[in-house]
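Consider the single chain below, provided in structure tokens and representing the form predicted on its own.
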């Protein structure tokens, strides 16, 4: 017996090229999904790598992410009318899931996704002046 307001997902074909950086491909119901990713992205004009560089001591990685406030005792009355019990899709094609993204076929209760990326560009100085 199906729970009230839950629907069945019917996907005939799923093709995903890559899943990386704490991303999730979930088929089936879940209770909680919490992907987390952090990265340093360095773009250099000249490819020189020292091997021991980089850390996550930047404010980008330390600052608290504000969450929307809600009144936990507030009651919201909702009504759902699902004319069909099944959500049907023939084909899904995804090139890439990255940086804590989620592709989910099914139901979940809680999603807490977080990705933090610090980008650097290191270019050569222009000596034309």
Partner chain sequence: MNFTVVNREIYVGNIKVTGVATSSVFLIGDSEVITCSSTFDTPPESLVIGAITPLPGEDEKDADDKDAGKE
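Throughout, rigid core stands for the largest set of C-alpha atoms superposing within 1.5 Å between the two forms. Residue numbers count along the first chain shown, from 1. In this text the structure is predicted, and so the values were computed from the model without any measurement.
Quick note: we don't show the form predicted in complex with the partner chain, though the next part is all about it.
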Heavy atom of residue 71 within 4.5 Å of the partner chain in the predicted bound form: no
Non-hydrogen atom contact residue 11 with the partner chain in the predicted bound form at 4.5 angstroms: yes
Any non-hydrogen atom of residue 19 within 4.5 angstroms of the partner chain in the predicted bound form: no
Residues of 100-121 having any heavy atom within 4.5 Å of the partner chain in the predicted bound form, listed in sequence order: 100, 101, 102, 103, 104, 105, 106, 107, 108, 109, 110, 111, 112, 113, 114, 115, 116, 117, 118, 119, 120, 121
Rigid core superposed: residue 62 CA moves 2 Å or more between the shown form and the other one: no
Core-aligned CA displacement of residue 95 at least 2 Å between the shown form and the other one: no
Residue 86: Cα shift of 2 Å or greater between the shown form and the other one (core-aligned): no
Note on residue 73-residue 29 C-alpha separation in the predicted bound form, which departs from the shown form by 3 angstroms or more: farther
In the predicted bound form, whether the C-alpha atoms of residue 51 and residue 21 sit closer or farther than here (change of 3 Å or more): closer
